[in-house]
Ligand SMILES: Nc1nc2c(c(=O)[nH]1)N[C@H]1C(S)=C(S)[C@@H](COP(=O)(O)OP(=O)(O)OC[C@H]3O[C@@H](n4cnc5c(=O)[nH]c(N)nc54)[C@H](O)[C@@H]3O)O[C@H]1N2
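In the block that follows, a single chain appears as structure tokens, in the form predicted on its own.
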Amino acid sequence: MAEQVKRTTCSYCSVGCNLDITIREDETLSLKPNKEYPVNEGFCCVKGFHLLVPFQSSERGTAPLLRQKNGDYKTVDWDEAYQKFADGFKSIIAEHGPESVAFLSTGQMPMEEMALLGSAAKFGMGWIHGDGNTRQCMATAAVAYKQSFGFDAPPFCYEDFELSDLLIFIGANPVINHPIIWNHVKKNTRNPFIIVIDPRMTETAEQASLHLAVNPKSDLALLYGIARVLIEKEWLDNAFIEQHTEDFEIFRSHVMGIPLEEAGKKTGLGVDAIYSLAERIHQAKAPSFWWTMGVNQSHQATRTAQGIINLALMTGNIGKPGTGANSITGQANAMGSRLYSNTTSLLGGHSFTSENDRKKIAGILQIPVERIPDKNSLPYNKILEQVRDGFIKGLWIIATNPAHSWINKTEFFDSLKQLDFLVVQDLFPGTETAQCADLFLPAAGSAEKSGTFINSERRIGIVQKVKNPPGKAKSDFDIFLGIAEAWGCGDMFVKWSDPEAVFRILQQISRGQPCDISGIQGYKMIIDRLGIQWPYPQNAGAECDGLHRRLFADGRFYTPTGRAKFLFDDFAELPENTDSEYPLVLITGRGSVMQFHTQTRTGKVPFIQKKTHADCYVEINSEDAEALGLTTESRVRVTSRRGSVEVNAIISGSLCPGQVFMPMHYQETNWLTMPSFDPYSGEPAYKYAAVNLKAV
């Protein structure tokens, strides 16, 4: 067989790098970053270079596993697995009703698989509740955009990193989290001033022009303080405010009621620093604001994200090259999950609670409108609360590992004990979550199936199959079709025959929506055009053909009035306070450019394991370490009000006294985190917990 080169999109983070993989039959000959693709331009990070390695692991699931009464697993064939799935969940629904079951999914499956999962569960099997693990990373940004702009619409393109003369990163560390994005920053020829607002001296802060070490979770006070200075000095774009926004006067009254001294004290920066930052924004010709998990994962996250959006609106810095209030997404297909997973919003950014939207989707899918729920799903945290309280009796977890990643793991494991039936569908049966399953379904990885991802800049990228999954493992797509058939609703998905057929269905659903993709002429066009940013409607004009496109250049937003909204709240109390018993603040985040999430995949790459810490650690300021008698590599016990773990100590200059840092990639970290959630997005506040340290 001749050699073939297949293009695919990396399935780790949201940057969306494209890779060319040369294959002969089922043998991989080479993997190279595509030089022409505008996202990565011939580069990728170490995770991308090792994308295929985890799929070759001997630890892969190769057949369905059913737990026996003695606790051991028995290998079963797919027909038996499908029937056990259907019988188990149907019996729960028969006894407790359709809201007694739920699924938890991911931001790392192709968009077509997500749509099939959500549609099979909700339209075919009659489930109400299902959410994705994007709730843990991007729900805040999605809700902030929806409330402010009328739709979940990140306005930027990666070219803006190269065109801005002032880049402000708030709770974002792209040098580690999104290194290919940082390449775009380094290409900027405008000698930009770069400001990093973060409690830690992160790798990005080290390369910035200015690092502002704000107190943890004081971002909102800083943003309102900046807004007050801009108003006081009349450093506003009054024409933009008048023509394209609403509720500015109410916002003005709110921030003018906050003394600058209070903002300076809350942030720990002082008044002068706030004035200086506001002045830099005013003087910049193209200022841009960028945020990620440091903002999203907070007890007051949505209003903090909107504090950033408000600064862009009041200065007219949106829709123009090099500007914007811009959320850098988390997982490879977090944007696809937000728009097309059919979890907490109806397919294509429609609403379950809108009768017109339900009728529209039912008509396109040719199903009775009664099959579409008329209420929203519970969000992830509420689903788990219902599991804990015994209302949800059956849970299906797909391509995610919450037994590692969910906040306050003690409660999570206690909750699982309340379930009658747990199904886990994943690559590896050895994950912390899969080991709890009653039924394990072995799934294919991204290199073993086809579909599309949507990256941070709204670019749809291709995913192409380059190898077969091991043993009897199947693509999630085929598993969902098999489950639908066993449930008795397979006829509903006859037209959902393969991923590209589903893509065509989603195109119809998107027509007329802000995320309209109805003009894309199949997967080949996505490959030929080097990815396509939404919107791309039918009869798209020349304005849709460029490699880099941003939204809101005309000042029109997706709200009923066409105007963006100023949204704000009073400061909320911290979810817990430090005291004499727990005097330190624990911050969590990514520890290395090489590791990803719970190490389900990166933990299977020998090169990465050699280059990163094998065991969990806590970084601690030298002052605190001296007071506790600690040195680097001392063993230390970290204790919060939820639990206690023993890890290695590392003395670090990146932290202020009174703060410690633990990476999220290790199973110890979330025994400690505080289960607090943003009231609008339901996103967990991973970045703040009170702890103490003691030498072992």
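For every residue, the number given is its place in the sequence shown, counted from 1. What you see is a predicted model, and the numbers here were worked out from it, not measured in a lab.
Keep in mind the form predicted together with the ligand is missing from the figure; the text below concerns it.
Student: Which one of P154, P499, P402, G322 is close to the ligand in the predicted bound form, taking close to mean a heavy atom within 4.5 Å?
Tutor: It is P402.
Student: Looking at H178, K360, R228, K122, which is the one with a non-hydrogen atom within 4.5 Å of the ligand in the predicted bound form?
Tutor: Of the candidates H178, K360, R228, K122, H178 is the one lying within 4.5 Å of the ligand in the predicted bound form.
Student: Even though the ligand is not shown here, does it sit in the predicted bound form so that H184, H282 and S288 each have a heavy atom within 4.5 Å?
Tutor: Contact check failed for every one of H184, H282 and S288.
Student: If we take heavy atoms and a 4.5 Å cut-off, which stretch out of 595-603, 187-195, 522-530, 251-259 is in contact with the ligand in the predicted bound form?
Tutor: Heavy atoms within 4.5 Å of the ligand in the predicted bound form occur in 595-603.
Student: In the predicted bound form, does M109 come within 4.5 Å of the ligand, counting heavy atoms only?
Tutor: Yes.
Student: My question is simply whether G336 lines the interface with the ligand in the predicted bound form - judged by any non-hydrogen atom within 4.5 Å.
Tutor: It does not: once the ligand is placed as it appears in the predicted bound form, G336 has no heavy atom within 4.5 Å of it.
Student: At the 4.5 Å heavy atom threshold, is D219 in contact with the ligand in the predicted bound form?
Tutor: Result yes; D219 sits at the interface with the ligand in the predicted bound form.
Student: With the partner left out here, check for me: in the predicted bound form, does some heavy atom of V647 sit within 4.5 Å of the ligand?
Tutor: Answer no; every heavy atom of V647 is more than 4.5 Å from the ligand in the predicted bound form.
Student: In sequence order, which positions of 276-311 have a non-hydrogen atom within 4.5 Å of the ligand in the predicted bound form?
Tutor: Read in sequence order, the residues that approach the ligand (within 4.5 Å, in the predicted bound form) are T292, M293, G294, Q297.
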